[in-house]
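Okay, here we've got a single chain as structure tokens, the form predicted alone, with questions on binding and movement later.
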Amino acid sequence: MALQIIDPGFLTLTQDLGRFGQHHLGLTTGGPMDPFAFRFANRLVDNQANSVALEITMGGFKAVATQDMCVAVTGAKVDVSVDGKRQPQWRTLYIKNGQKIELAYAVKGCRIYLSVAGGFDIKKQFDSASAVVREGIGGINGGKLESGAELKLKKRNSLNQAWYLPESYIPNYGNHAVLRVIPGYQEKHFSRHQQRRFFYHDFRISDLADRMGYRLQGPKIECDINGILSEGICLGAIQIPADGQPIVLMNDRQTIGGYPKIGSVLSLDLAKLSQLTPGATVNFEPISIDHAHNLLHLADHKFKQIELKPCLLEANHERGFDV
């Protein structure tokens, strides 16, 4: 045992990069809702990109270390403390055996990532440790973490260097996002007028927003077909059900669906959507598939070019972090 959960908050799940190649079995991908924050959580403790970390929705998380360890907290802005002393995010933190780490409730964004050096030792199912509650698969017993859960760490050599991400690279989560959309082959079932309504109006995120999908509220979008035969659906697909209110499908989506789709949100922008809470707004912007490929390549190149800065490992927990 290395980390004992005192209070998991609203929803805490173990996540690696996701469960790929299992759609033919009806298993969805899962994985972190904000891959950028997840990847940097692992980079800050020198982990492999697919190491298992915790995705904490909205905060309210408490745990106690049962061995010395290095951790990093990224994602939504939240007060982080170790034994009551405030600590920075997006930075390697050193925690001693017996110390308590607490996350308050997020004040900007809603998905927080907590990584540990070496990663959590979670048994894989179908080649992934990502927990998908709807399918009862992955994580610990296929569900969210509960109070009293005990998490083991994978063995690794000690971490001698701490890192931080420069401020200029830290995302500024807000209350609005522009989501770039690649129109799909069913776009022809939406008239030019309906397409303009879709792309020229803001939509509000409803209370029905979770890891499966974000249901939006705005002007009714009408389609000339009421439904289709169920077919495979991709991450980011925008379904338009009979009430005309779009649904953007997220990581824990079903693998097939029968609503017509006007297009798909660029995967890069789903991370921005996943950090928005009910009441926030989005608007859509059409892009070509070639433009989408270019954006993905540029984002991957930029990610690899970002260099973490070294800092003192011991200083993190001894001095605290005053702002």
Partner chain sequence: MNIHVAGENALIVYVGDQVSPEVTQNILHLCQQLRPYVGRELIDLVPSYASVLVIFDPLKIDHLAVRKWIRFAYESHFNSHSDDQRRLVRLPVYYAGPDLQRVAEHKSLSSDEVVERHSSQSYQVYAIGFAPGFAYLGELDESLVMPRLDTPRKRVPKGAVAIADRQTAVYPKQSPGGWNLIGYCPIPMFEPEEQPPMPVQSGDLVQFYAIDEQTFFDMGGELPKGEIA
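Residue numbers count along the first chain shown, from 1. Note that this is a predicted model, so its numbers are computed, not measured.
Not on display, but discussed next: the form predicted together with its partner chain.
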{"item": "Partner-facing stretch of 99-107, 199-207, 228-236, 159-167, counted where any non-hydrogen atom is within 4.5 angstroms of its partner chain in the model of the complex", "value": "228-236"}
{"item": "Complete contact of Ser81, Lys85 and Glu307 with its partner chain in the model of the complex (any heavy atom, 4.5 Å)", "value": "no"}
{"item": "Heavy atom within 4.5 Å of its partner chain in the model of the complex - the one residue of Thr255, Gln48, Thr277, Thr66 that qualifies", "value": "Thr255"}
{"item": "Contacting member of Gly218, Gly118, Pro183, Pro171, with respect to its partner chain in the model of the complex [4.5 Å, heavy atom]", "value": "Pro183"}
{"item": "His193, heavy atom within 4.5 angstroms of its partner chain in the model of the complex", "value": "no"}
{"item": "Partner contact for Glu135 in the model of the complex: its partner chain, 4.5 angstroms, heavy atom", "value": "yes"}
{"item": "Contact of Lys302 with its partner chain in the model of the complex (heavy atom, 4.5 Å)", "value": "no"}
{"item": "4.5 Å heavy atom contact, Glu285 to its partner chain in the model of the complex", "value": "no"}
{"item": "Members of 13-37 lying within 4.5 angstroms of its partner chain, judged by heavy atom, in the model of the complex", "value": "Phe20, Gly21, Gln22, His23, His24, Leu25, Gly26, Leu27"}
